[in-house]
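Have a look below at one chain only, the form predicted on its own, in structure tokens format.
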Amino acid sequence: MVVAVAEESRGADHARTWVEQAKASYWCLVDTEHRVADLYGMVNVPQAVWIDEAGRIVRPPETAGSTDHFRRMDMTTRTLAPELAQARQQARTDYLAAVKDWVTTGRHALPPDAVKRALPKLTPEIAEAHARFRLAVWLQRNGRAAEAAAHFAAASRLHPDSWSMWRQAADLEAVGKAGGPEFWARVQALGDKPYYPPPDLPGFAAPRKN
């Protein structure tokens, strides 16, 4: 079964449009405090975790079909060249095919020791970052925006790899900010580090830069 989780601190109404557009036939949960990201070590969206019928993780959090092709977008028109758009779509198709292959054949599942090595490590800083994020969400919801902003900023400093926390905080401050100039400046600052690390599956690799 598929369970989709929307990391949306503004509540279900802000996620509803996307659920309805997808005509989803699977469970769609709304995680206002990003607790699923905390539990599984997710740092971006979309990410996926594969869990078998016994409840064991067989693939830790990984990029689920998205790629870094967007970094080669024409910023004037906000569009991708046709070949880049096609490559991005192919990555989505290939990831879905890998999931189906696992369900029917068991391929692509990792052994327990490999899963354990690949699971994101929880540090005191990351634990504090998630606690501060949840506190900030509560403060924002209760009209204490200035205090919330301070805790959102602290969460991002403590866990800089979490794009989910930074983008959520930006969007709570002003809708659209999460994809604005500050976002692109942060992406540029990555240098050669991928924004969407490709999953460790056959046929997946980071897109080459021009």
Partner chain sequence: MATILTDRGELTAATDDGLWLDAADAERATGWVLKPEGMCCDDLCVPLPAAMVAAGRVDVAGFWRRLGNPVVHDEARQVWALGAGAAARRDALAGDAAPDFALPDFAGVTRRLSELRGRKVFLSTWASW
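Residue numbers count along the first chain shown, from 1. These figures come from a predicted structure and were not determined experimentally.
As for the form predicted together with the partner chain, it is not shown, yet the points below apply to it.
Proximity of A12, A131 and R167 to the partner chain in the predicted complex is complete: all three residues have a non-hydrogen atom within 4.5 angstroms. For the chain shown alone, M75 is not a contact residue for the partner chain in the predicted complex, no non-hydrogen atom being within 4.5 angstroms. With a 4.5 Å cutoff on heavy atoms, D38 counts as touching the partner chain in the predicted complex. Not displayed here, the partner chain is kept clear of E173 by more than 4.5 Å at the level of heavy atoms in the predicted complex. The partner chain is not drawn, but in the predicted complex it has no heavy atom within 4.5 Å of D161.
The partner is not shown here, but in the predicted complex the stretch 109 to 144 reaches within 4.5 angstroms of the partner chain through a heavy atom at K116, L119, P120, L122, T123, P124, A127, E128, A131, R132, R134, L135, W138, L139, R141, R144.
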